[in-house]
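First, one chain by itself: the form predicted alone, in structure tokens.
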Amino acid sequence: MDHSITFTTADGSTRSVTVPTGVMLAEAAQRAGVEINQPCGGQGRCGRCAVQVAKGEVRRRSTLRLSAEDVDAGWALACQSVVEGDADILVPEQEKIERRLTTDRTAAEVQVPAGYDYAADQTVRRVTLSLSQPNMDDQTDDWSRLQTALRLQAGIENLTVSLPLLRRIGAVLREGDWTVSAVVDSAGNRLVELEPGHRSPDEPLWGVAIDIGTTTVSVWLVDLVSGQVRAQVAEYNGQIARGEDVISRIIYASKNGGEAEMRSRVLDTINSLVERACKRVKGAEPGQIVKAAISGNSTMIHLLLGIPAASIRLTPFITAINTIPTMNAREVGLVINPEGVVDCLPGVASYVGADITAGVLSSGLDDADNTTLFIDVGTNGEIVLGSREFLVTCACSAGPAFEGAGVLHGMRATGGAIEEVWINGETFEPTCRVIGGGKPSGLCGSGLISLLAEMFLTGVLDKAGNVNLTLPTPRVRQGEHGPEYVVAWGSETEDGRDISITRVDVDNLLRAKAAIYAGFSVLADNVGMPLEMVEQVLVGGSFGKYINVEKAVQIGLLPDIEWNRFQFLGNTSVRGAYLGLLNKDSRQRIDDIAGKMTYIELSADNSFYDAFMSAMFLPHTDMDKFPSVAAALNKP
């Protein structure tokens, strides 16, 4: 039986759709063209797809994250509610995905690699050719004539050409009066572009370095001739609306039509960024970009290319492919030159992808004399321990808690997010710093780390993460979701509601930090090296740039070693893609890094569970591992 479902959005507009019995409300909304975010991939865990049933009935399969009062008021989770009759649904305003502008930095910060030589280092280059004109005595075909010129004037032989480009060759040769500029991919022995007339040797030849992060997509527009980064742009990955971590996205992609939607969402994000980057540079057009280097974790690369990713989350956790052959932009779906070279960098395993091989290159870890720990902090915690002599790697499922997901009042690092907290040890009153100033709307990752550390040091939390409800302050209380600490009263916030952190939130944060700490502990144990012997710690990822080292150590997220051993490198993945885009030797190094890495599957390592449980306390069950924190606790 079919039913009529009418959706009314926050702006008052309505859309209706007819669907059969048994369809999820979320799917009905999608068919009606109404956007409802599903950050957990439609698993019913996050509660952020809540809608209100104004009329009619739906069957709620789950009410997780909804109180009894919410259900009485008609609230339902769109991803867990089944259509069983006609209904009118009110859709609240959806969370807007907005960038924190400080990460959209200027290109002046990126230095061209020393000694970069376009002619020697670049695999895609432009050559100008002068061809002899055909006549009655020389009736060589156009393609053979072009091949002869390439061989005699540029030393290039045995090129292949696509059919769409082959169709254009005759017209281009004649338009240029037999003088043309050819863009050639020497690595793939392929003609990429043919333009009429002569081009100046200094005229830019455009490429892009792309990092597909689980949270953020970054694009650098690069002049391949000079090596300069001419524009940098970044935006939240459009897939976030269908899952904030890779597991949620894999699950969503496995549903009807989910794989195509996920591919479309990330392509829309990348292509809009490419267009935005080109608008920042006079004379640059997306169609002029002839080369792209792409990094990202294994799931992101699979979803981009429409390769089934289901096996990544299922035992024994195997990717469909780690080393992907080069393709052209037409195959991938990028808005650059259709014949443009698309190079997806190699990964190592299901949860150690191209973002880590690129990050190891850009951090210099594979060439380091010192024993180095490299950590990419994000929704997945990828870790590499090693030097020029060896590389051992693993990945731990940190989850999106430090991105604000799975936390009642968590949010991304956008305007209105509390990014740092200080708590008075006598009054237990907090002082907060808010991104952009103004009233707070929630807590972002750096704010959560800071808050957790302050609550522990001031006695609001004990080692196990329990809230001390006996303290003489109204900030600690028994809330709807259990014991909690109020960070900001409703009179101080943007939406008039209290911002608090609950015991459930604390548990989610403890699991995330415990997974990361246990990961590098197991790596160190596997090579027989105590963590205190690590000579430097390199922290990659955009999120890592905003971590306060002291606070991260105090909660047990980072090892307790001298602060001067830590370096925060920002987005090492996009920088590695940039180096691989420019230099064929750097690109080969990324292949060598992938081949050199020894991968440890933590789920198969018996010691990981013990290390994880030991790290589930603040900062750890073994305080000898955190002497600076013990000293801070013993201060009067």
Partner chain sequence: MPIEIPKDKWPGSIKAVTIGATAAEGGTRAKSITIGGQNTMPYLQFEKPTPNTPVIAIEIKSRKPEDWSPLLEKPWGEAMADPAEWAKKAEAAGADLLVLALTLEDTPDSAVKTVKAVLAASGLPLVVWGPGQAEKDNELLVPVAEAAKGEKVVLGVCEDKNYRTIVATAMANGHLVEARTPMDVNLAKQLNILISDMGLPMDRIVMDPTTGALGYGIEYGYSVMERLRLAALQGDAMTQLPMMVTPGFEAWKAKESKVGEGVPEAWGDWEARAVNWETLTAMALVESGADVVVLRHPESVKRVKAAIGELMAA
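Just so it is clear, the structure is predicted and the values come from calculations on it, not from any experiment. We call the rigid core whatever largest set of C-alpha positions still superposes within 1.5 Å between the two forms. Numbering follows the first chain given and starts at 1.
The form predicted in complex with the partner chain exists for this protein as well; it is not shown, and the discussion that follows is about that form.
Contact with the partner chain in the predicted bound form, judged as any non-hydrogen atom within 4.5 angstroms, is confined among 604 to 612, 51 to 59, 578 to 586, 24 to 32 to 604 to 612. Of the residues given (E492, E429, E550, D462), D462 alone sits with a heavy atom within 4.5 Å of the partner chain in the predicted bound form. Taking N468, Q536, S181, T123 one by one, only a single residue has any non-hydrogen atom within 4.5 Å of the partner chain in the predicted bound form, and it is N468. When the partner chain is considered in the predicted bound form, T621 lines it closely, a heavy atom lying within 4.5 Å. The partner chain is not shown here, but in the predicted bound form it comes within 4.5 Å of a heavy atom of M616.
Proximity of R503 to the partner chain in the predicted bound form falls within the 4.5 Å heavy atom cutoff. With the core held fixed, G459 shows a CA shift of 2 Å or greater between the shown form and the other one. Superposition on the rigid core between the shown form and the other one places the CA atom of D591 less than 2 Å from its counterpart. Relative to the superposed core, D507 shifts its CA atom by 2 Å or more between the shown form and the other one.
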